[in-house]
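One chain comes next, on its own, written as structure tokens: the form predicted alone.
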Amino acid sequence: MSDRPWIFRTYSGHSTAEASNRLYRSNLAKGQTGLSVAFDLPTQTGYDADHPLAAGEVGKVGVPISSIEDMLTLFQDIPLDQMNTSMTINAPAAWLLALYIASAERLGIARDALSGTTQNDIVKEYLSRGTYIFPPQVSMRLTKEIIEFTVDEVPRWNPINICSYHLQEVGATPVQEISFALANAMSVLDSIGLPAERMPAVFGRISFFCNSGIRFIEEICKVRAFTRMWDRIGLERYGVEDPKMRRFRYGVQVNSLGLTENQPENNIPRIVLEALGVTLSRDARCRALQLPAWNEAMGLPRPWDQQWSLRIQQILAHETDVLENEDIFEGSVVIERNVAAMEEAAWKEIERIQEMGGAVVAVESGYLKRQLVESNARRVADIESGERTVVGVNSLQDGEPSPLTQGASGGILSVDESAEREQLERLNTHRARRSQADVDSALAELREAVQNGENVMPPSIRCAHAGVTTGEWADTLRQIFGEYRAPTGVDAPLRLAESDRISQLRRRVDEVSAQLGRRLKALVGKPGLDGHSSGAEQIAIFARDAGLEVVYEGIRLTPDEILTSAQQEGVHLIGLSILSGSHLSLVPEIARRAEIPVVVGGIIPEEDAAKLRAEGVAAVYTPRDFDVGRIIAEMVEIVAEANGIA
């Protein structure tokens, strides 16, 4: 009997709730069967659009949601009781779910009719995406309260999507993906305060969100190992006897890390091959799939680009025979051997994490972050040395110009800068229209409930109905819990492989340092709300290995904080990393005020790079610049030139 197709999604949202609603309805009309909502960084980090840290970030990487009015606009004319909605939201997951439930109630839809997923995986935020707000133990409390609430009130909802996707994006090996994600799930389940007889219902609602890379045979083995290990954990650790409740239910976004700016048309075959890794195994097939667009290493995809990705998975599901057969790997000696090897290595790593006290303790100690930073450093070094081939990047670079990037847009979507202004106007109008007395009363109830240890969801839903904003909800919890800065993972010394090139670079750093009169010193900074810190971490590690003294203070810094730190530390150069598209809003101010050279790296179109250079930025690096050693060497020469050193 043929298997059912997985849920077709595209991860999308931008500019405003109104613009995103048009995009969602358009995608659904093209055959998409579920929604995957991308929120902008202010929403993901619990700020309203008028907060100073939100400047330049509103509507850039997702849709801004400040209140129930925005949520109602986002889902206008979309039947929530017939829709499966995935929301990539973590630190303020309770708030966005409260807004979703309250919006449904305004439309007369019962809570038990809602289906979908809140990502709600805070552990991976400390390790990769960086959109955490509160300390780990407090965040785990919010996570488990969402689970405890939904298991009764919203029974068709997946309250948490344990996310190994972002771990691979920051360099995790398959064994690290499996072991870190399962250890994380065990920490969540161990915190649940429901009676033991409710555990099967809870276990059965835990879902996962995985990555799938270009080594698709390895990916096939990875998801099969995941499936077997999750089944064993359910049976042996939590006593879940019903096999259906122990199924490894997972969605997938295939690998974005491997998409290239060079020869971007090559990304289409990469995406197709990566989709095979999670669809070929009937016994370990994904339940939902979203494919990135071919141009995501260059900027935001246009609706046509997203349609192309949607058509890839529709062709795979509807034209091929992939859904018509039993599990085609059953009995394969090679697959079984590789799966068994992954399982054995992953169980050992899980045991190591459990001996530390579990995933949360391993986050707080910095162990998990260091493991990922080191894995990514090895990956980057392998690409740089040519040991790992990336066609069009470090091999076979010569090719014809891509017609896909021709035209005024350069093949990407540019967010209208008026989107931020429109959101500010909507926010102010909303605040003026609501009852301040209702808002104050609802926030007081939220504060009292949280301080008394009660579940955060009921008072949050009341806040949503009262017109409380995202920033007001998060600030109330910030006042109770405080904020957190996670370990950066670059504190431990990491010696990269020796080579003539590295030795030559170290000698040059010594020469320049001698003429400067002290060790050449650089500050690596992450301005704004972008928490994707992998690029900044790799620059910091490689620069330190080359002999530079490096200052790296982690994510989410204002221009003032970066400039003050640069002055106090006496650095010779500032290196900035921004992947959120807010480079034109944040970088020029720093370049104008700094009295030392500034370089910047990120997803930056050439038109914007020219503007940054005109503002005084010494160098601009994009995903096309894969050679970290060359970048460090150029930074050294920029300092030398600025100081009159030959």
Partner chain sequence: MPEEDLDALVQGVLDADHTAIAAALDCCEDTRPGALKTQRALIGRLEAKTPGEHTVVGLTGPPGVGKSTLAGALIQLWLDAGLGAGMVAIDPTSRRSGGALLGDRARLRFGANQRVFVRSMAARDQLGGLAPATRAAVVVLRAAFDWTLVETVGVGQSEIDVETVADSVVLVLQPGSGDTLQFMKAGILEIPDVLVVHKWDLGVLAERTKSDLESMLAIVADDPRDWTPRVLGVSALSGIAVKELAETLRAHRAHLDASSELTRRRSESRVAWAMELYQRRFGGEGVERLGGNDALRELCESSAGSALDCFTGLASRAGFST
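Positions refer to the first chain, counted from 1. This is a predicted model, so every value here is computed, not measured.
The form predicted in complex with its partner chain is left out here; the points below concern that form.
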So in the model of the complex, are 374, 381 and 383 all sitting within 4.5 Å of its partner chain, heavy atoms only? no
Within 4.5 Å, heavy atoms only, one stretch in 548-556, 440-448, 182-190, 394-402 touches its partner chain in the model of the complex. Which? 548-556
Partner contact for residue 568 in the model of the complex: its partner chain, 4.5 angstroms, heavy atom: yes
Is residue 314 close enough to touch its partner chain in the model of the complex, meaning at least one heavy atom pair within 4.5 Å? no
4.5 Å heavy atom contact, residue 344 to its partner chain in the model of the complex: no
Partner proximity in the model of the complex: residue 487 to its partner chain, non-hydrogen atom cutoff 4.5 Å: yes
Picking from 564, 76, 428, 115, the single residue whose non-hydrogen atoms come within 4.5 angstroms of its partner chain in the model of the complex is 564
Since exactly one of 257, 480, 214, 516 fits, which has a heavy atom within 4.5 Å of its partner chain in the model of the complex? 516
